[in-house]
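You are given structure tokens for the same protein chain in two forms, set apart as structure 1 and structure 2.
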Structure 1
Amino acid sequence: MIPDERLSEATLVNLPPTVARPTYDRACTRIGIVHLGVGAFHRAHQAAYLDALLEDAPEWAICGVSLRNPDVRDALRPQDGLYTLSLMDGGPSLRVIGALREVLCATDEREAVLARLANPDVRLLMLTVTEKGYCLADDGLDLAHADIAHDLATPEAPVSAIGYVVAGLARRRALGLPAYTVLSCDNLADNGGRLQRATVQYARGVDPALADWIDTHASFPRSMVDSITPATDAALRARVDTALGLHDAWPVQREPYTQWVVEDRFCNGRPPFERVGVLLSGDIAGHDRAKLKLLNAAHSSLAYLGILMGEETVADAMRQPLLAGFVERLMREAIAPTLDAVAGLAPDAYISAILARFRNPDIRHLLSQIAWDGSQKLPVRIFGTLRDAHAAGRPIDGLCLPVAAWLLFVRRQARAGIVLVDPMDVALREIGRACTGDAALDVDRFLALDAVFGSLAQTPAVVAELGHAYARLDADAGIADALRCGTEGGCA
């Protein structure tokens, strides 16, 4: 039963002692950060780090902004921005997070968002807008993207993330205020570098002098973020309401493990991150690549192969010995050898830790959630490794298997008339519907999507191996057979 009373500043005192809550006076905090993309990952990860800092550094509270959907704003505003974070490991531990002092939705509060970005207290703009939210093409900004075209025509009334980054900086420049640091917290290799190049490219289309000012005054550190965060489900909502004795309209959950590595390049001051376990580093490139290429690639592999095998969650998929064995070999034998050495990171131990996290039975992480946005995720998670492995003359059969599983997944969803959660849904489903089951022809149809596959489509060995993998997976009882081949030096 849903409790009558809502979690809020006024009801915080009614929380049972088992639920942790802010140890600082929220009224004494100031908003120093604007965060674009106030979804579950931000609230479970970065906001939790900042919550732990606010007692010592009250000037770094957050204004969370949804760029499109008012749901988070509508759920959290009546709660004064408070929500519950549940850490899942052998029984949940609950903590009410107070770092979000303001929650806005850009679609109907654009002026409030822009005014906040131009507030002198704000010195950091962070983003978790997912891969697709950056509107990137291979070589920079996707100028053909409808949102970018819209924003270039009306830069003072943006809709895209980059449009907001630049509109805020334009106001600050006009007001004679210093720029803010722009910190991408999404799963993209060189996230800061790519965002910087795209931002300056976009700004040049608005006003070349503004682009030069941004290039000189703003900074775009890279970061690596890690914590497995399953979407909020009914079980979590019920558990939280019962434990709180109050209704929380949008709790979030994550595994206890969390990591945040950030390049220490802040143009306008920064939170004392080191006090709460954020690793500040001169160069994080090795860390972000290792995480994307190992953890995220393994996740996507489990998602597409696991769904084809009828599994529902990551932990379920890891209980399939063939699949778990395949994913372990994929990481250890096919991916790890392609990674550059990273100081302080031992690949073998890192892989073992990832596998243990995937096995956590207390986390119900749906494979269908990870399967979202394959057209955006696979290029950054697997295609780079595939190119490197091929160039180094290493086996590519294991790496092609999850890619082929994605193609088959798309084909099956399309045939069943199920909409894909993917910005390329329409094009993908059209291809999926046209597929006939002839592996070589089907794979060619997908490879024609230049924005996704790029040069891979011109690499005959990859094209051929994708065809084999697709045919093996599509054959009756073929998945088990294909998984056995895995990365152990090829299949018959």
Structure 2
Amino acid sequence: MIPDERLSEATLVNLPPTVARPTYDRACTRIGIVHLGVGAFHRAHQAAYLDALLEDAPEWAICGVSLRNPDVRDALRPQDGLYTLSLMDGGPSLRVIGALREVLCATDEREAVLARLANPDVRLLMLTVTEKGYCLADDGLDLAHADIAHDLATPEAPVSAIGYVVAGLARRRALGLPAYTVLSCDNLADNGGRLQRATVQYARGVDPALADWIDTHASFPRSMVDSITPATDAALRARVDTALGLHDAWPVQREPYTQWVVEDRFCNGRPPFERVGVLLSGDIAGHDRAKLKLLNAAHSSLAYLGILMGEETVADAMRQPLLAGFVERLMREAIAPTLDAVAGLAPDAYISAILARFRNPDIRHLLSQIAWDGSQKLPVRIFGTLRDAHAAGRPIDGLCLPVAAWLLFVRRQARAGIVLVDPMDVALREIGRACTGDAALDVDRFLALDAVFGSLAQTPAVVAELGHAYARLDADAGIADALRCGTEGGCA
């Protein structure tokens, strides 16, 4: 049953003591940040970090902007921007976040958004709009995108994220105000660099002098973010309402683990991020590589091997001792030695944190979902490490095992007539249906996909080890035997 009273400034005093709430006077805060894309990830991640700063740095409150859909605004405005964050740690623990002092929707509040961007107090513009929200093509802007074409024709009435970035900067330049920093918090490689190039390219189509001013005066730091944030569902809403004794129209939830790495390159001041655990680093690419090679490679390994074992979720797979042990050895013995040193990253501690995340029973991360797009994921998650290990003369059997598991996964899906969620679905299923169980021949069929395997298909040691791994996994008791690889003598 939905409580009669709603979460708001007036009802904060009614919260039970078990629910954390802002420790600062919200009325004394000032909006110094505009954030485009005020979805669940932003509210569970960046807004939570900034909420922890506002007692000592009250000038960094947030104006959250939805570019399209008014639902978040309509849910949170009656709550004075307050909402509940639930940490999925077995409790769960609940905390009311107060960092959002204003919530707007650009579709019917465009002028309010542009006025806020031109406010002298605003010194930072952040974005979580997903990769497609940047309207990119290759390393630049997709000039054929309908939103970009619209904005270039009517730059004073933007609809795209890039259009708003530039429109706000244009107003500041006209007013003689300094530029703001533009910080992408989306998971795409070189996010700050790509955003800067797209922004300047777009601005050049509006006003070349404006483009030069932006290129000279604005800054676009790179960043990396990480935390699993499941969608808000009815169970979360009911749980939060019961715990609060108040109705929260849109709570959010995430795992306890969270990571935010930011390049310290700001043009107009910045929040004291380091006080709340944000890592300021000049090597965002190094952190990205570590995440890709350790976290993402381990995820894919769990997915394909776990599915072959009949498991459903990451936590289920981690309850299989042989599989959990294999994944840990893979990260510590096969992958970590191939990483370059990254300032601020301790590989052993990072691996331990990853394993703890994988074991969290509150996070139902489906293996079937992680298994999507294997032809695109494995080349960047595992193949590079495999090449590096082989070039260094290190054992490669452990690294070949998840790749062989993917081949078997494809074969089994194809034989069952199940469409793969993969851009190479047709070619992969054709190969899968042609497979006979002869390891050498089956592996050769897959290796003929040059767009996937490239030079690995011409590396005899890799070809041979893939065949061995495929044969071990395909044997009657092969998965268990294959996973024991490494318990004696190493599996790197």
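Note that the structure is predicted; figures quoted are calculated from it, not measured. Start at 1 and count along the sequence of structure 1; that gives the residue numbers used here. We call the rigid core whatever largest set of C-alpha positions still superposes within 1.5 Å between the two forms.
In this pair, the copy labelled structure 1 belongs to the form predicted together with D-mannonic acid (CS2). Both residue 150 and residue 4 are counted in one common rigid part of the motion between the two structures, based on the superposition that better accommodates each C-alpha. For the chain modelled as two rigid parts, C-alpha superpositions between the two structures yield a turn of the smaller part by 31°. Once the two forms are overlaid on the core, residue 354 shows a Cα shift of 3.3 Å between the two structures.
When the core is overlaid, the C-alpha of residue 375 ends up 12.4 Å from its other position between the two structures.
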